[in-house]
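One chain follows as structure tokens, the form predicted on its own.
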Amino acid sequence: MIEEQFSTGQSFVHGLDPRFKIIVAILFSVVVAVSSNLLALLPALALSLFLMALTRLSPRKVFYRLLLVNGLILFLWLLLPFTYKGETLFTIGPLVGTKEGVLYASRITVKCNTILLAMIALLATTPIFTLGHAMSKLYIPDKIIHLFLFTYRYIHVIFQEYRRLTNAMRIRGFMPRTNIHTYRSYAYLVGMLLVRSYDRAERIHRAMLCRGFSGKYYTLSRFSINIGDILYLSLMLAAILGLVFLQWRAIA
């Protein structure tokens, strides 16, 4: 099972109603994703950092999560300033960096980090199966909930199957190279992984049917709303509306 490093804690954010956390996470992410002005994105980043501070999570673990995403964003910084048309800002040999390209890369960087920090603060602080229960209470379709939960539950099983196949290839003397044999071997690896994943899914489905599974998500836990949840939802909705106003004002 994948380790849920951030789901346990005694902070204010950990104790919030997961239904409200999901609602805020979705609205906040949509507003940040469609915003295009740094005057709205920078306050959103500050809000994400504030939520992260309330969680009292390990800064080092959070930094490692951000490092993985920003490693990909680094490639955008190597490309966008030199491929986006606009006013010349700097030159590196024959390469010309534009102001518009730098701003575009900056917006992408701020957006990605803002949304990721909000997701960690709001969703990663809730156990996966509690999130599934909260999604059902928000009337999200059961098929989406089942897909979400089963993906989490069995992705590590598929990875273990992949490790067994690659170990079997190494035992037989396989050494990856840039030739047709290597490409064919990896194609066989992907094909076997898909076939074994399908067979396992069929066995799991039959086992669930034998145990009375009817396509409905059931749980014994119950949610309760307190004054802290209402205050949190009210403040976050007000902050999200403020971000919308800043974006609308920047456009106008």
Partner chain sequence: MHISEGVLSAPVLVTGVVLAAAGVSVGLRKMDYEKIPQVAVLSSAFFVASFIHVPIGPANAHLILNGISGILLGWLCFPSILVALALQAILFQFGGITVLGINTVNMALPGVTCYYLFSRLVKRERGLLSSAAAFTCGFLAVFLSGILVALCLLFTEESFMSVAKLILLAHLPVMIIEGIITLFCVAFLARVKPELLGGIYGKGS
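Positions refer to the first chain, counted from 1. Between two forms, the rigid core is the largest collection of C-alphas that superpose within 1.5 Å. Predicted, not measured: the structure shown is a model, and the values here were computed from it.
What follows is about the form predicted in complex with its partner chain, which we do not show.
- Among residues of the shown chain, Tyr186 is one whose heavy atoms approach its partner chain to within 4.5 Å in the predicted bound form.
- Contact annotation: Gly191 falls within 4.5 Å of its partner chain in the predicted bound form, judged by heavy atom distances.
- Although the partner is absent from this view, Lys111 contacts its partner chain in the predicted bound form, with a non-hydrogen atom inside 4.5 angstroms.
- Residue contact with its partner chain in the predicted bound form: Ile120 places a heavy atom within 4.5 Å of it.
- Taking a 4.5 Å heavy atom cutoff to its partner chain in the predicted bound form, the contact residue among Val34, Ile227, Ala46, Ala207 is Val34.
- When you look in the predicted bound form, the only residue of Val96, Ala168, Ile158, Val102 with a non-hydrogen atom within 4.5 Å of its partner chain is Ile158.
- Along 18-39, a non-hydrogen atom within 4.5 Å of its partner chain in the predicted bound form is carried by Ala25, Ile26, Ser29, Val30, Ala33, Val34, in order along the sequence.
- Superposition of the core reveals a Cα shift of less than 2 Å for Thr91 between the shown form and the other one.
- The Cα shift for Leu78 between the shown form and the other one, taken after rigid core superposition, is smaller than 2 angstroms.
- The two forms, fitted on the rigid core, differ between the shown form and the other one by less than 2 Å at the CA of Arg56.
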